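In the block that follows, a single chain appears as structure tokens, in the form predicted on its own.
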């Protein structure tokens, strides 16, 4: 089966009088992905989201969201998409349930269908006990969880989140991230714009990094880490005993190994692909004891900083 894309852009560009906010963006996001859209303030992230939602028109290029053109078919895109902006907008003098009922009515749900859906969503986001409380009394984290319920009320195919965990305590952050993972399990594509890199790394299948309106990097964290930190190589760490000349000779002779460094009782092995089984066999064949082996994990913070340093 060919890959189905929830988002496709071709040379997507947005220019203002004195600035290009988004510069020839070519991006594909697969159905059911959690995609992290990263970059500093002014990089073009929010402008991109607004174009994808049909809330502002591109200067040049095109986009498809769930198969529809946001410029020519904005209502069709809005039926398919949910959007949680950085500053969630609710009616503070209405209860959580009343806010969701209002959204359900705007989306054409019948009273009976809306009640059932709202009960399910309040349970999902953990707000059943405060469903009849006015939203003005809610914490920021509670409003974010209500925002996710608000996005889900129309069963979207794709959900856009702009800084969904900003200003939330660690417990609230974990709750929001758990809900986002749950959305992906329901085959909802999730597009997250955020500065919270550690949190993005926890949930995203792939990321894109924007700088000055351009997409400068795209891929999984492991792919980007190998490219910018690992020199394009997998890096495997093996703790062994003892470290002998025979051991080093055998490991260096494994097909795909390009370099072996020694730090105490650890071998730091650079290779073209993940060949841990072959390396483990070589260590055992050399009559050394393999104590531990792992492939190097890259930090999104380190990758992000390396791109902007370079």
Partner chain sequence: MKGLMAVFWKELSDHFSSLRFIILSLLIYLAGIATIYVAAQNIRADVTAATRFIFLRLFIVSGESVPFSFPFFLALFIPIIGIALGFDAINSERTSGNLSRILSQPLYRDSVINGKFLAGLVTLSILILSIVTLVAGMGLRMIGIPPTAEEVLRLFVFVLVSIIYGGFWLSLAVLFSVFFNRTATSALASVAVWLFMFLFVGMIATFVANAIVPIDQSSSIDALARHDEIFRSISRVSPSTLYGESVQILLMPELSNPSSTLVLISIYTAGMIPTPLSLGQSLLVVWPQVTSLIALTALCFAASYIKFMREEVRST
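Positions refer to the first chain, counted from 1. Computed from a predicted model, the values in this text were never measured in an experiment.
Unshown form predicted in complex with the partner chain; subsequent notes refer to it.
Three-residue candidate spot 56, 86 and 108; every residue lies within 4.5 angstroms of the partner chain in the predicted bound form by at least one non-hydrogen atom. The partner chain in the predicted bound form comes within 4.5 Å of no heavy atom belonging to residue 234. For residue 102, a non-hydrogen atom is located within 4.5 Å of the partner chain in the predicted bound form, even though that partner is not displayed.
Though the partner is left out of this view, residue 94 does reach within 4.5 Å of the partner chain in the predicted bound form, counting heavy atoms only. The partner chain in the predicted bound form is not approached by residue 113, whose heavy atoms all lie more than 4.5 angstroms from it.
With the partner chain left out of view, the stretch that reaches within 4.5 Å of it through heavy atoms in the predicted bound form is, among 262-270, 56-64, 280-288, 29-37, 56-64. Along 10-47, residues 14, 16, 46, 47 each place a heavy atom within 4.5 Å of the partner chain in the predicted bound form.
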